[in-house]
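Taking the form predicted on its own, here's one chain by itself in structure tokens.
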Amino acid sequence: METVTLTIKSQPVLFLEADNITPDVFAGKSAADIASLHAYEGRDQITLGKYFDVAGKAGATAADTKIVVKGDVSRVKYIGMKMSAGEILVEKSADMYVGGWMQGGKLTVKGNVDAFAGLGMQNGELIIEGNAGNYLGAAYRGDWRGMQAGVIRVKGNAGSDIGTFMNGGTIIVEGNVDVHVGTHAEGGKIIVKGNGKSKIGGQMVEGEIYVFGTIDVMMPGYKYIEDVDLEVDGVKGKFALYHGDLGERHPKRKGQIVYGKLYQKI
């Protein structure tokens, strides 16, 4: 695997939209080719070379290409957007839309990310070693297609509205989450190893949510069913199982109503 290293030279005055920072776009290109790729600072089209020193070269394909981003890119958006293969390592924090509509490969951020990380994610692995902002693994505003597949793991805390309109895949938050978890979900799995606030599973039709810690306010549309012994993300324990959201219309399979499942560790 060939490696391209991007080192930020200075911080943009306006936030930088750099959706070209993907193995798919870099594949087959030299450092000079990559530096000449366009990005946007506000309404102005610029090149990546204005803000990044570029070293190394890409592999022949996305799968053969690794990108290492050095320095604080917390003012750079869309890193890894729609990437289908290969690897990206961001050594510090990044801005919004990291891994948006990601289709494959592996993307790791050592610091924090802002809102909409893993937006509409279709496959791949997104690892955030710090905290994540709002709308993690959610749908784009006005769309109903949230995360479809893949894995998102946040080692810190996450904000509100994670997994909105989620249809598949897995989101794991090792810390705490804010309000609105799995809203409108129709599939997938969300694991919260810390505490939740309120509106967990609101309008959820199908899927699974696991909360290891406390839930400040349980949604009234959830009904306690039973206690079950489970192993979730390597942790064994007893969980209280709730079905919901009972205020929604739920499909039937083999004559049985399908509910969303909310598990809280006892």
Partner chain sequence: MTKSVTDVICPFCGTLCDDLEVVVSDDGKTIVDVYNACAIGAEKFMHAQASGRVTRPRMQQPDGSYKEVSYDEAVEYTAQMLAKSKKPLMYGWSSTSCEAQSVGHEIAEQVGAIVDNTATVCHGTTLLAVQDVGIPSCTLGEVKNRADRIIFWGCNPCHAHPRHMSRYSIFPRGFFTNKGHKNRKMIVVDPRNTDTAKMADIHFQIEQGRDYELLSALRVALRKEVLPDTVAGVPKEKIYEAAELLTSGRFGIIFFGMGVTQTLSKNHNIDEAIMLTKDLNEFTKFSIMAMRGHYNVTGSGQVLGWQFGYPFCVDLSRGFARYNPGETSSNDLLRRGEVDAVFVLGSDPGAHFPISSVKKISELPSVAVDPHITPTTEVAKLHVPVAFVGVEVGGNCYRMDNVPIDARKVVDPPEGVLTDEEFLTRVNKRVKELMEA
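Numbering follows the first chain given and starts at 1. Owing to the predicted nature of the structure, the values given are computational and were not obtained by experimental measurement.
There is also a form predicted in complex with its partner chain; it is not shown, and the following applies to it.
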Checking Gln103, Thr183, Asn131, Gln148 against its partner chain in the predicted bound form, the residue with a non-hydrogen atom inside 4.5 angstroms turns out to be Thr183
Its partner chain contact at Ser198 in the predicted bound form, heavy atom, 4.5 Å
yes
Distance check, Ala60 to its partner chain in the predicted bound form, heavy atom within 4.5 Å:
no
Contact test in the predicted bound form: Asp24 vs its partner chain, heavy atoms, 4.5 Å
no
Mark Asp233 yes when one of its heavy atoms lies within 4.5 Å of a heavy atom of its partner chain in the predicted bound form, and no otherwise.
no
If contact means a heavy atom within 4.5 Å, which one of 122-130, 104-112, 185-193, 160-168 is the stretch that engages its partner chain in the predicted bound form?
160-168
Between its partner chain and Tyr40, Arg43 and Pro220, in the predicted bound form, does every residue show a non-hydrogen atom at 4.5 Å or closer?
yes
Within 4.5 Å of its partner chain in the predicted bound form: residues from 11-33 (heavy atom criterion):
Val13, Leu14, Phe15, Glu17, Asp19
